[in-house]
Each structure stands twice: as structure tokens, then as C-alpha cells.
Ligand code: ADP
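What follows is one chain in C-alpha cells, specifically the form predicted on its own.
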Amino acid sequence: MAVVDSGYGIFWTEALNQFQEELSEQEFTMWFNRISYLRSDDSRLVVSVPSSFYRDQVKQRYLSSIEEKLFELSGNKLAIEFEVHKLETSAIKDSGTNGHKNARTKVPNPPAEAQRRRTKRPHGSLNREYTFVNFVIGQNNSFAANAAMAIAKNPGTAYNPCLIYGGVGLGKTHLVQAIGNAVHKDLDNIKVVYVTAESFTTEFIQAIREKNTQRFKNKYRYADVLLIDDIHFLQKKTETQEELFHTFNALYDANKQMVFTCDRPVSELRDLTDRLRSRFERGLNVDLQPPSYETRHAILNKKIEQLTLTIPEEAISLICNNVTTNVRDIEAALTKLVAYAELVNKNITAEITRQQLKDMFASPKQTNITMDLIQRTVADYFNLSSQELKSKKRTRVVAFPRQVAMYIARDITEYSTTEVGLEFGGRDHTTVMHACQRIDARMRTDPTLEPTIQYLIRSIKDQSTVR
């Protein structure tokens, strides 16, 4: 009885095409050139390998990645089975469509001009919209953007490692992925690995659980460009920090490029080992600031152009004057405005903009209020330093202003009690709750306290609002 093949060979070929682009030429040639597709059914795919050693090495290094890629391509979970067959030279030459066209010494390379014209597939882990072309450069981000472009042109030669830090929605992820997209597109045989710190941690835990840490190490320690987003997530994760430390050393010694992002300067990260902190600080550290009015205007115009919209200048100015925090909030404002106009079938006007975005315009977070600004303003008022507010001192001279600052932080920002506590010397959230309760109770008995706090709030807002 003849065996009916389910036809998954086409997915195997496509999987190998993708591995060929993701891995270095040496790595791909070593571990994939001598694997051939044999047959498949609804639950498994069988390939041939030249030896038991070869089989065991491929299974240890790549089995999970192969299964994941085939699942993405075919939509079915296929178990990979290996059969050991000693391949003759003629078998490799005559493999035809049953195998992958990967025997590079057997197939003539296309002319150089044809290779240049060939368009690479987008990188599987990167957002293809995150490019340098789509990144609006302004005074607040020009240093970081130019450093990122320099890294993309010559990874591993300068600015290594690079740490890009800044608040939410300022473009950290866009820049780090733009580096990856540019390298993947423009440079051949470069393995780009992008991952968030959270995913890095999850993969590491899974590798330990499955007793397969070697595959995890191979994925990251053999990267040519390693991009890790949001390293502040690594705080308190000691074992993951240890693994990243060794990965860092391996890549650094091999002159491989590393780029990290963080929501604050690395010096402000708590529960991070000193030796890993020193590695992050070893290279170039650049920050992203909230965009200026001119940059916000350019960003908004670019988004409007991409959406082929017509919005009057007065409405654009309203948004740029009132949404001052970050790019993400600008995009959210535009999305809400466009959705309203489409649903009610009206043209966007300045009046509609004012009505529909009034809550966003009035939001405290649109005034760029930072914890540092609150601490400095309160400390100056009480003739103290910001460091004293963060210190362990419990004298009345320091404790009362600290409670006032905590109360104001909770009142006019979206910081949680835990986040406020961390900004005041790593205090527990219950300390912040107690401080707020004390100030609230005292305002009911001390008629001079509420005017003082309102004065401080106005002063903070006046300093933070950008018009």
C-alpha cells in the first residue's frame, strides 16, 4: 500500500529559507545543509540526516525552533522525526523538490546584481513599520537617533554596547527595532535577535524547566546583533541577570553589537547586580526626552499624511499644544479623533477636536509632571534637598515635607503607591498610604495646610506645562 504524503514539504522548504536568512552562513551550512525532507502526514514530518551525532546536535540546538516555525507556516503542530541515512554525493545533487535548495556548493550562485535586487523577507521578530524613515527626529531625540543609525551601518565597531533610555512612548522600541530592521535588510549573513527582557526571562525559565539551557545559550550567544527591550524588567531577577551577564561577556568579547532600552538611567535601577550595571554603563548611554512642540507637530503631520487625512492646522495646533507627553499619546489622540469623525460622518474641525479630546487635554499626565520635579519643588519650598526627601531620615523637619511630596505625587500623577515609595528611597507602599492619610487628616484640622499644598501643586504644574 502506497504511503500518501500530506504535502508539508513546501512548508519545510519555506522554513529552511527563513532559517537561512536568520542564521549566519557558517551556522546554516553546518547544521541545515545536510538535512533532507522525506515525507509527512497530518501529525509528523520526517527528515533524513547523515549520522546519529548530526541528529542529536540538530535536535538539541534547533528542534524547538523548527517545530515553532513549521507551526507558524502550516498552522498544524508537527512532530519532527529524524531518520539516519548516509547521503551520497549523487543523492544530494538529485534531491530535487524533496529537499531544500541549500547545498550551496552544488547550486551556482546568482549574479551579484541579481543578489542585490533580491528583497529580503522582513525579520520575524521585528515590526516592519519601525524604521529610521518613519522616525521623526527632533531636538529631543537627535543624539539617540543618530547613534542608532551609526550602529546600524557598522554594528559591533563603535557605540557598543548602547543603552537608550527614556519614558513611556518616547520611541525607545522604535529606535532599537529600526536598528534591527536596517541591519537585517542591508547586511548579509548577520543574525539579528530582538527580544523584550520579559520574554528573555520567560525563555530562560522555560529552558531551565525543560533542561535545555544549551539551546537558549546558543540563540543569544551566537547573535551578531542582540537587541533587548525594557531591561528594567530584570530587577530582582537574579538568575536571569546572571545569564545575561555571561551572554553580555560572550558577545562583547566577540565584538558583537548589543543595544538595550530602559525606562530610566541604569544608575537608577534598583536590585540590579553591580557587575551587570557596570556592563550597561560601559558603552554609550543616550536618553530620549519628551518631544518639543515642533517635533510633536512634525510627528502629527507625518501620521496624518500616512493616513491620507485632511485636518485643519488649528486642530493640529490644539493637539500639539495640549498633548505634550509622548508620541504614543499623540497617536492615541489622533486615533480617537479619526474614529469619531468616521463614525458620525463629520469633517474634523478645531471645535470637534476640542470637544472630543477635552478629557485628554485636562489629564494631569499631559503636563509632563515627573517625580523629580515634585521632589525638587517641595524640597525647595521647605529649604531641603531632594536627596533628603529620599533619605532614611525620620526627623520632623524631613518627614513632614516627605509626606507632603508623597501626597501631591498621588494626587496629581498616575504613579501607584508602590511606584511613589520606590522613588522615595525604596519605601514600602504602606508608608505612602500612611503619609497620604496623615496629610489628608491634618488638612481637616490645619486651615493653613491646604493652601500650601495647592500653591505647591500650581507651582509644579506651571513648571511642567509646555505650551
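Throughout, we count residues from 1 along the sequence that is shown. Being a predicted model, the structure only gives us computed values, none of them experimental.
Absent from the display: the form predicted together with the ligand. The rest refers to it.
By the criterion of a heavy atom within 4.5 Å, L244 is excluded from the residues contacting the ligand in the predicted bound form. Interface residue remark: H184 is not counted as part of the site for the ligand in the predicted bound form, having no heavy atom within 4.5 Å.
Under a 4.5 angstroms non-hydrogen atom cutoff, the ligand in the predicted bound form has N134 among its neighbouring residues.
The ligand is not shown here, and in the predicted bound form it never comes within 4.5 Å of any heavy atom of K358.
For the three marked residues, Y130, L170 and V327, a heavy atom of each sits within 4.5 Å of the ligand in the predicted bound form. Residue heavy atoms within 4.5 Å of the ligand in the predicted bound form occur in exactly one stretch of 76-84, 233-241, 136-144, 371-379, and that stretch is 136-144. The listed set E342, E331, E198, E268 contains one residue whose heavy atoms approach the ligand in the predicted bound form to within 4.5 Å, identified as E331. Screening I299, L384, I352, V338 for any heavy atom within 4.5 Å of the ligand in the predicted bound form leaves a single hit, I299.
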